[in-house]
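Just one chain is shown here, as structure tokens, and it is the form predicted alone.
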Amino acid sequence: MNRYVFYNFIMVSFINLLLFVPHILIEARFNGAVSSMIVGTVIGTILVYMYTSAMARYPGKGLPEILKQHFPQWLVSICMFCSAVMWWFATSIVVVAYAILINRFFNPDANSIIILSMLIIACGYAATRSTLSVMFVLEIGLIVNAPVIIFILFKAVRSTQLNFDSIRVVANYVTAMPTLSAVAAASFIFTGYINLSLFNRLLPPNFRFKFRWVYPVFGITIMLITFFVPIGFHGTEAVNQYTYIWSVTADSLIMQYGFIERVLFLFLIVFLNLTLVYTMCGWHQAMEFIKCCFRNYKPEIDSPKTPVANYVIVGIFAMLTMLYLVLTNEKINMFITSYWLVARMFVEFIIVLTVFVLSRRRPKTT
């Protein structure tokens, strides 16, 4: 079961490439980005260890069940509604960004609304499935796509076009003071652990978190590649000219393997799959948190029949996502995302600290 916990961590670490995280860090490359990554790594690692240690004392229970044991229903309902908004928005900004990305790089004549409609129909239907089914889809999606993503990252690191002098210049700014936005962006790479808020329901009573040292090692590796590789490709100044920096970086790579020549096409295809899986997981968690606002709701990890409420809630998510695309553009989306990353960091800190303190009052289940 430990692999299912790691799947969520891998998924969020990879999806940061589409969530403007590289752009935010690169914007601060001379103003504290390097030191912010160090601080973000420390924060992310501490939160991972605290939350996994706390959730190990509540096997088979998610965040709603834990809060209901210690707080009144009205307070739990408010917390769950706010959490649902956070989870919905976290995934919706990604699927909206990807719809625009397809419009930019695949078919500029296509309508972004139509593209987004097809994406949300696919991930919305998957999000209405049971929690166990969602986890299985996540596993299949990562098994298929993660090796390709790792291959692309490895090819970028090994490319002869990579200029290590540019990387060295930016790395020398490690003494610049970190900034709040850069720390929040850096810590996002480690935030996959927070999905235990729901998926902890799937863990058996005797479950133990193992190999937790892998999380910071994997997160640091992805963070360094995310930040330094585009700088090595585009230079210390030109790298800041691109919004979708990793799409442009992937387009700088060429492969000589049969019919695949431009890495960009392979990059966009695998990240299409990853975006759908990420949105599916986020909407499913938000849906479950909304349902937990009601006193009589009893969670099921593998219900034989899909409740009608699932379609209603996810349908509302879909309409709100479409509305978000209509009312915003790329500049506004990036502005909102940068502030959302900061809010996310503080909200996660409150969640982790609350559950950790509550878990200290409870004997560990054997």
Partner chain sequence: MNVIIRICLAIIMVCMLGACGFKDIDKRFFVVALGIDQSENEKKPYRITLQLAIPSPKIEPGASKTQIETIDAPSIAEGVRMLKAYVDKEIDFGHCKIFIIGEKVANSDYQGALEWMTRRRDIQSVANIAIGKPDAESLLKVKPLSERYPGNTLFLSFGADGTESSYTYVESLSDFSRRASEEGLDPLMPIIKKDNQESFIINKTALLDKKRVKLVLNPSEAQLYNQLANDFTKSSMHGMFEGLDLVVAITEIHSKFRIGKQNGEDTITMDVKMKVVFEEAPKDLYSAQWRSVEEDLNKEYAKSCVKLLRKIQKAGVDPIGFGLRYRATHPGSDAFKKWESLYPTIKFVVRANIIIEGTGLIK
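Numbering follows the first chain given and starts at 1. Predicted model only: the values in this text are computed from it and were never measured.
What comes next is about the form predicted together with the partner chain, which is not displayed.
By the 4.5 Å heavy atom rule, the three marked residues Phe106, Ser166 and Phe233 all count as contacting the partner chain in the predicted complex. In the predicted complex, at least one heavy atom of Ser117 sits within 4.5 Å of the partner chain. Interface membership of Asn273, defined by any non-hydrogen atom within 4.5 Å of the partner chain in the predicted complex, is ruled out.
Using a 4.5 angstroms limit between non-hydrogen atoms, Leu75 is distant from the partner chain in the predicted complex. At a distance threshold of 4.5 angstroms between non-hydrogen atoms, Val137 is out of contact with the partner chain in the predicted complex. Leu253 is the sole member of Val157, Val144, Leu253, Ile269 with a non-hydrogen atom within 4.5 Å of the partner chain in the predicted complex. Listed residues Met177, Val217, Cys82, Ile121 were compared with the partner chain in the predicted complex; Ile121 is the one with a heavy atom within 4.5 Å. Exactly one of the stretches 109-117, 292-300, 203-211, 189-197 approaches the partner chain in the predicted complex with heavy atoms within 4.5 Å, and it is 109-117. Using a 4.5 Å cut-off on any heavy atom, none of the residues of 180-213 reaches the partner chain in the predicted complex.
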